[in-house]
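Shown here is one chain on its own, the form predicted on its own, set out as C-alpha cells.
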C-alpha cells in the first residue's frame, strides 16, 4: 500500500561556481505515513530546506519522484503545482512571512484568497484555535514573536491542508513561546495531521515520531522512538556518565538487567554508544547528549535545594529527573546564570560547564517566577 508521502531516489542539483553542479540532495528516498510527525535534522547545508521545498511543491527535483497522496508532484506543470500546493500544503516559516500592513485576521484570510475564496468566520476560527481571537485586529508590529508565529500557524491551518510543513518553527522564539508553538503542533499531530518539520534543536526534534538526519544531501540516519524511549536513553546515558566519573552521589537504576541490555543495543544502533564485549563507551554524540542531561539534572537539583529550599531528597531527585528531559538549552543557561554558574551539585558531583559559563555571563537577568511558570507548562 502506498505511503502518504513518498520520495524515490530524489536528487536536486544547482549550478555552482565554475559551472560545476552542486548536489543539494543525493538520491534521497523517504516514506511518510499519514498522521506521522517527522523531524528533519542535520547541519547547515545538509539539504534540509531543499527537501522541505520539494515536499511543499515550491521546487521540483532534478531527478527522482516525489509523490504526495498518490500524486506525482515531480510530473506536474508549474500551474498544476501551484494549485496542488494551495490545496494540500500548509506552511509555517521561521521568519513568519506576515504582510506588515495587514491585520492578523487579514493575513489569515490572504491564504484563503489564494486557495479559493475568503471566509472571515473561518479565519477567525483559525485564530481562535491558536489562542489569538482577541488579537485579530492587530498588525504584525503590534504582536510578539510568539503571537506572529501563531498567526502563521492559523494561516497554515485555515484551508485544512493535508500536510503541514514547518521550517524552524521555533527558531526565532524564546522558551515560553517555543513551548506554546510545540503544544499547538502536538495538538495538531493528535488530531491526525501529517507534520514535516525542519529543526536544528534536539529537544524540539524529540517531539516528533520519526527523526531523519541529513548530511551532505543524504539521509544518514532514521530514528523512530517515542518520547518515553528517549527518556530511557537519557537515563542510561546519565548512569554511564556517573559510572565514568565515580560520582559521590549514585542514583538508583530503574531497569532490569534484560531491559538495560536491550536499551544499550538500541542505543548502539542509533549511534549513542559503542559496545565492545562487556564494555560500553560513548560515541561523540552520545557523550554530548549525556553531558547535557547531567547538566540539566544537577542544575535542577541546585535550584530546588538552594533557591526553593526543598530539603526532601526524594522530592528533589524526582523533580530533577523530570526536568532533565524537558529543560530547553535556553532555560538551562538562564538557570545556570541565575545560580552563578555552580560547578557542583548539592551532593558534590561536578556540573558540566555550558556556553553561558564559558562566556562568563553576568548572574543577573533571570525572571525566576516566569521561568518556573514556563517549566510548569512543560
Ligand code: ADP
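Numbering follows the first chain given and starts at 1. If you're wondering where the values come from, they're calculated on a predicted model, not measured in any experiment.
We do not show the form predicted in complex with adenosine-5'-diphosphate (ADP), though everything after this point is about it.
Listed stretches are 63-71, 311-319, 349-357, 40-48; the contact stretch with adenosine-5'-diphosphate (ADP) in the model of the complex is 40-48, by a heavy atom cutoff of 4.5 Å. Interface residue remark: residue 10 is not counted as part of the site for adenosine-5'-diphosphate (ADP) in the model of the complex, having no heavy atom within 4.5 Å. Of the residues in 158-180, none comes within 4.5 Å of adenosine-5'-diphosphate (ADP) in the model of the complex through any heavy atom.
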